[in-house]
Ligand SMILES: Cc1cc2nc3c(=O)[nH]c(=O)nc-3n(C[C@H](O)[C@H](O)[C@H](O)COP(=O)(O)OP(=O)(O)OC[C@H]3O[C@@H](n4cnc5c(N)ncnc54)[C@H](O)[C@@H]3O)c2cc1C
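So this first bit is one chain, no partners, the form predicted on its own, shown in structure tokens.
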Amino acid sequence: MFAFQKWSSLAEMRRYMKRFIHLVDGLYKLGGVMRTKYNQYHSVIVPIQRYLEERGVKFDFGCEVVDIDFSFSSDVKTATVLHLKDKNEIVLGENDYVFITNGSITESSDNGTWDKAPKLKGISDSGSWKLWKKLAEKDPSFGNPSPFCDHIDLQKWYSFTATFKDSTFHDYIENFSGNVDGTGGLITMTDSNWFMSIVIARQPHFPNQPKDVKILWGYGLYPDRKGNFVNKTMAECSGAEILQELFFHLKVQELMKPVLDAGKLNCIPVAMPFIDSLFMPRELGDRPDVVVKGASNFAFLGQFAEAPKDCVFTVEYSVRTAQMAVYGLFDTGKEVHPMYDSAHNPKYLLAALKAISR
């Protein structure tokens, strides 16, 4: 219920149960889930970036940090130099601070095309995982990335984005599911060898999306199995072949034939080697503390830094680690937002028990 694979971390499931016990009653219909108007990049990232740029923050894209030097004393750890991929260095001064996003679930992803399957990449093609591995060798408090990135066959998914210049499929799914776009949860083909799921987000999904264009997203948890219709593994399939398999499960081959013949659709498959890394079994200390003991000018951010009791795979987790980093390194007079504690509320415990036994 709270992770993607049978071998996913029980510790993470426990955190989810305690953190969101008040939402279990609506779990079967994804009640309580909040969605942005557009995709999260345009609804969250772009406004934040614009806000910061207006206040003088400079963003340098296309720069890759490949290593960080530290000085260590008996009780103080200080970041001193950033090494960039282009061989340049940034020497850190007295008032410079470094915030490190260690690890990434979308690292090394590769896009296929309508007629070509994507390529499964790995650590050698990554930036963040190689950087974290280097940092972990410098000090035990910097965590241990291996449980999260060394088991690609247990962590990978293949996802796909389908774009239709026609509303036939969109209208069919609305009638089939009873949900207008953006209000329902995932639709899972439970008899799919790939264990394929799709979701149609609220349309338009992009600010500049034409009115006649509809977009859906989907994924498969078992990409090394052959399809029920297409005699290939999902990993070997092009975008066209993935849609053939989807149409077979929904029994809409004839309905969609005119759309296919008119070329009014496209599908981009994506190989995602680290997508399930967050839920891999781990031990205490594998995720570093946000501000490790003795850190004077650096912190770890994101889904692979440790925010006690909170749940990874959420926007809140990233926000919380950022608050912990800034409020921990600077005298802001602010406190990290408290988590809503519903695990000890009898009202929600009773509702959860009824829902689980429903």
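Only a predicted model underlies this, so the values are computations on that prediction, with no experimental measurement involved. Counting begins at 1, following the sequence as shown.
Beyond what is shown, the protein has a form predicted together with the ligand; the following relates to that form.
Under a 4.5 angstroms non-hydrogen atom cutoff, the ligand in the model of the complex has Trp217 among its neighbouring residues. Put simply, Ile48 is far from the ligand in the model of the complex: not one heavy atom of it is within 4.5 Å.
Although the partner is absent here, Asn39 sits far enough away that none of its heavy atoms falls within 4.5 Å of the ligand in the model of the complex. At a distance threshold of 4.5 angstroms between non-hydrogen atoms, Thr314 is in contact with the ligand in the model of the complex.
The partner is absent here, but in the model of the complex a heavy atom of Leu131, alone among Met256, Val270, Leu131, Met189, sits within 4.5 Å of the ligand. Taking a 4.5 Å heavy atom cutoff to the ligand in the model of the complex, the contact residue among Pro207, Gly122, Gly182, Gly127 is Gly127.
The candidate stretches are 174-182, 240-248, 272-280, 87-95, and the one lying within 4.5 Å of the ligand in the model of the complex by heavy atoms is 272-280. Contacts to the ligand in the model of the complex (heavy atom within 4.5 Å) from stretch 56-84: Cys63, Glu64, Val65.
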